[in-house]
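Shown next as structure tokens: one chain only, the form predicted on its own.
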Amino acid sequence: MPDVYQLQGQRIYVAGHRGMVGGALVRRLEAAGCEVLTAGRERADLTRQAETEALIAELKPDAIIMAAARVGGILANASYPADFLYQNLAIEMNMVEGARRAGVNRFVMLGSSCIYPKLAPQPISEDALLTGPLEPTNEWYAVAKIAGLKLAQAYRRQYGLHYISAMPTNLYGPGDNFDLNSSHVMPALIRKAHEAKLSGASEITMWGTGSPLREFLHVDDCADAIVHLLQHYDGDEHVNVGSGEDLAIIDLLRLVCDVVGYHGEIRHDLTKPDGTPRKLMSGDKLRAMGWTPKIGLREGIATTYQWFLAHVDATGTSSARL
């Protein structure tokens, strides 16, 4: 086990601080006594190499956590495959090389559970990477994220830098994207249930059969896990970050409806795809380092719904996302 990286007083740049994960990281690091560095898109476009390198050189961070990414659900991935691949590759390459050139010795690359094969054995361990075909509905994003973790690994091996990668599962919480055209399943279901409740609709429609099993982790638990890795992990292999539990999407919708207070029927649109049948990640590696999640699913959904009521307007756009 490596020596513990002390956070107090460290200058840590959170790239993507306006997103859900980035915002949670800012909260967690500030609570730990760090000097958190941030920069919006108006200051630097991270898809541009010169701008990114100049920004990192100016900030002079002690460590970087890379939460910046182009993200979205099945519909967004299908509609903008080039954007998902190009933009994520560009951001990753520019950030890692910019960090190296600026002498930043610690870097956490954030990936996604979609990097794993569609039919990987469950629960998915870290060594399942590149053992089978990806899920076609988000392969563009997955390929970019695989390249990102391999980039961090390569820089670690060639330059001896403390660059690591963390692979979060499906995340939700304050700061999520509730736009139905680009959101992930949890915020989409929360918004659908809320709107059905407001309109007095007799039924709510969900994509597919609802049978696929998914794992969910509250974003504040995710941020806590990432900071734990920054402090305690210094290995070559990426690390899964998840809750260790999954449930069927239909059961998730029922739980969301119960929390929101919607009591109508659920109708299935079987013309829409289900996606990967099951995706549960093994959390054994992270738990062996002494970390476990603290926020239960019902509690997390309830607090996320309260945040939605306080921050999201009728278009689904969060006032916290600029």
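Since the model is a prediction, treat every value here as computed from it, not as a measurement. The first residue of the shown sequence is 1; numbering continues from there.
Here the subject shifts to the form predicted together with a small molecule, a form of this protein not shown in this document.
Visitor: Might residue 243 be said to contact the small molecule in the model of the complex, defining contact as any heavy atom within 4.5 Å?
Guide: Outside the cut-off, so no.
Visitor: Using heavy atoms and a 4.5 Å limit, would one call residue 212 a contact residue for the small molecule in the model of the complex?
Guide: Result yes; residue 212 sits at the interface with the small molecule in the model of the complex.
Visitor: Could you confirm whether residue 28 comes within 4.5 Å of the small molecule in the model of the complex, counting heavy atoms only?
Guide: Residue-level check for residue 28: no, no contact with the small molecule.
Visitor: Answer for residue 138 alone: is it within 4.5 Å of the small molecule in the model of the complex, judged on heavy atom distances?
Guide: Because a heavy atom of residue 138 falls inside 4.5 Å of the small molecule in the model of the complex, the answer is yes.
Visitor: Here the chain is shown alone; which of 114, 124, 104, 91 has a heavy atom within 4.5 Å of the small molecule in the model of the complex?
Guide: Comparing distances to the small molecule in the model of the complex, the residue within 4.5 Å is 114.
Visitor: Can you work out which of 161, 119, 201, 74 has a heavy atom no more than 4.5 Å from the small molecule in the model of the complex?
Guide: Filtering the options by heavy-atom distance leaves 74.
Visitor: Looking in the model of the complex, is the small molecule within 4.5 Å of a heavy atom from each of 188, 192 and 249?
Guide: Verified in the model of the complex; spot residues all in contact, yes.
Visitor: From the candidate stretches 91-99, 125-133, 231-239, 212-220, select the single one in contact with the small molecule in the model of the complex, where contact means a heavy atom within 4.5 Å.
Guide: Result of the contact check: 212-220.
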